[in-house]
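This document opens with one chain alone, in C-alpha cells, the form predicted alone.
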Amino acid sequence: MRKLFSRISSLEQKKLMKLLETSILYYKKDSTIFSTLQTNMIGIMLEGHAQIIRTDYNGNKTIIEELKEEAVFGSFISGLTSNECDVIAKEDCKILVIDYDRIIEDEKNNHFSYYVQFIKNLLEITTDIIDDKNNRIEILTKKSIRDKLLEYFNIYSRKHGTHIIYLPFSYTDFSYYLAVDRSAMSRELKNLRDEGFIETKGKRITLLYR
C-alpha cells in the first residue's frame, strides 16, 4: 500500500517530478504541517512520521490517520477539509509536495507511460485509504470501549494474518485513535488481560481468543 512510485524507475521519477513541478519541504518534530489540509495539495512522506489530528470545540483530540514513510495525504486523498484538522510532525519530516491541479491540467502527459503508471498508483492508494476509513468507521461505531478494542484487534489480525499486534503508536495516541478516555481504555485492557482475552508486553498485544 502507498507505493506512489511503484513500477516507476528512478530516472522516470526524476522526469515525473520535473513534469509536476514538485517541491520538498522539511518540518521539525512537533511542528504543524499544512496548518490545515490545504486544498489541492498532495503530500508524500519521504522521511519521518506525522499524524492527521482533529481537535473538537472541547479540545478533545482524535487521530484521523497515521502518516509513516511513503504515506500519501492531502484534502483530495484523505477527504478531509475541516479547519479542525491539522497534520502534526511526530518526528522530523521530509515531504514531497505536489499540486493536484498539475496532475490533471494537461492531457498531453498521458502519453508518458510512467505518468499513466503514477495515476494508476494514485488511484490504488486512494482505494486503500477508503478501505482504511471504512474499517475506522466500523471501530468508531462500536458503543463500548471493549467492543472498539476488539474490533481494532480483529481488523488488524485479518489484515496482517497474525494474532500478535504491534501498536503503531503510544497508548495515549491509541486512545485518541479510538476516541475514548485514556484511563478508561487502560482499565478495559486490564479487564481483557484478567479475563484471558489478551496478553500485553509494551506495545505488543497477543490475542488469545483467536
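Counting begins at 1, following the sequence as shown. What you see is a predicted model; the values in this text were computed from it and never measured.
Just so it is clear, the following notes concern the form predicted together with the DNA, a form of the same protein that is not shown.
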property: 4.5 angstroms heavy atom contact with the DNA in the predicted bound form for residue 12; result: no
property: Residue 165 within 4.5 Å of the DNA in the predicted bound form, heavy atoms; result: no
property: Contact test in the predicted bound form: residue 176 vs the DNA, heavy atoms, 4.5 Å; result: no
property: Exercise: residue 171 in contact with the DNA in the predicted bound form, heavy atom 4.5 Å; result: yes
property: The single option of 46, 180, 155, 53 touching the DNA in the predicted bound form, heavy atom within 4.5 Å; result: 180
property: Members of 182-203 lying within 4.5 angstroms of the DNA, judged by heavy atom, in the predicted bound form; result: 182, 183, 184, 186, 187, 188, 190, 193, 203
